[in-house]
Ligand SMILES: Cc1cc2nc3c(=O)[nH]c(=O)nc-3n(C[C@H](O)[C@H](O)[C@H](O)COP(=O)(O)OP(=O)(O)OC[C@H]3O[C@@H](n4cnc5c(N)ncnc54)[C@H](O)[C@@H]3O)c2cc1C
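Shown below, as structure tokens, is a lone chain in the form predicted on its own; questions about how it binds or moves come after it.
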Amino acid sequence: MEVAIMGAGLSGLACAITLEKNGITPAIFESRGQAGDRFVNGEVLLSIFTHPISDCIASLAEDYGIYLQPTAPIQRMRLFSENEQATIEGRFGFSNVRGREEHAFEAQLERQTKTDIHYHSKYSLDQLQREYTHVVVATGDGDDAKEMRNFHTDFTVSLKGATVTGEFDRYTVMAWLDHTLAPYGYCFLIPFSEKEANITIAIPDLPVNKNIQMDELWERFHPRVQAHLNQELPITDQFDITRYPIGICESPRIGNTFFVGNCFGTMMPFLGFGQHPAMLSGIYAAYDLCGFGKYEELTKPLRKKYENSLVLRQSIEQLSNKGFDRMIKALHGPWGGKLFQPRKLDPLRTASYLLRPYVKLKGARP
């Protein structure tokens, strides 16, 4: 068996580490110059989306032998709508950094990988399929799956973000649900440290947003964050992403080609993060290659989480600013904290089940 992994991101490296632990040495090909060679941004792993796992960092270590150090455990969430705000305290999960940064998850995984990585690779999927018995596609997008007519796009999203400097509590994340800042989307602040943070606007590319200018939204958002934190927040780095596809594969495996990470569909539509399912998909592909299970069966729970997250996303898009005000006001205080705590019922699945009739009744998006 000769295995090629196309992409040295979260899913590809998690796959490589798992294969190595079971005696298989893969060949890893990465088109960029390093693991995580992209813009720097902050992300979160929320426990309500990893149910029944309450601590995904501990689970990755204990269950799969993959060791990660996140930026911080999230102990406080500050939520803002147009006219309301809520502060919720508890244990919500973890924040982490991605991209060209030494503490990024990709860099941490690379240090745990024994196999040499072929950087600046020009290999195509067709070439790897001819030279290797099995190929794991972990390129971070669905382009190769689309080429094989195996990727369904549900919507696309555009983002504008920046690294800002200031004074931050790295245990606190902030989010804004306000159509004047991010029509049918959201904004967030995630600290990298006590001195740096990522602020981002993310909006779906809906027909109603076709004339929206991201720079105009930014001119409202950046001052709003400065006002809430009472700081100037100078920008040191920026990034823009236009029409990034959010979708999922029709089949996680075709022949001896496995689709993992965002190539499979692990980016959760609700908030756009998917680090934990991305790594699980890489681990599951390795399990199949090692004879420990079938990839199609192992990924069924990930597909269900994607579907439930999509319903939640569609329902949130239908709320007006007054609806956001009511929601944020209701979350303020101890009840908001209890809502986000681990429980027997899967909160994502429960919310999706309750909202499906509403989404079906009202239709998908504007």
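Numbering starts at 1 and runs along the sequence shown. All values reported here derive from a predicted model rather than from experimental measurement.
The next section is about a form of this same protein that is not shown, the form predicted together with this ligand.
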In the predicted complex, residue 31 touching this ligand (heavy atom, 4.5 Å): yes
In the predicted complex, does residue 308 come within 4.5 Å of this ligand, counting heavy atoms only? no
Check whether residue 139 has any heavy atom within 4.5 Å of a heavy atom of this ligand in the predicted complex, and answer yes or no. yes
Taking this ligand as it sits in the predicted complex, is residue 185 near enough to touch it, meaning that at least one heavy atom pair lies within 4.5 angstroms? no
As a check of understanding, the residue in 214, 241, 72, 206 with any heavy atom within 4.5 Å of this ligand in the predicted complex should be identified as 241
Only one of 328, 44, 56, 66 comes within 4.5 Å of this ligand in the predicted complex by heavy atoms, so just point that one out. 44
Which is the contacting stretch out of 79 to 87, 218 to 226, 172 to 180, 257 to 265, given heavy atoms within 4.5 Å of this ligand in the predicted complex? 257 to 265
Within 4.5 Å of this ligand in the predicted complex, counting any non-hydrogen atom, which residues from 153 to 168 show up? 159
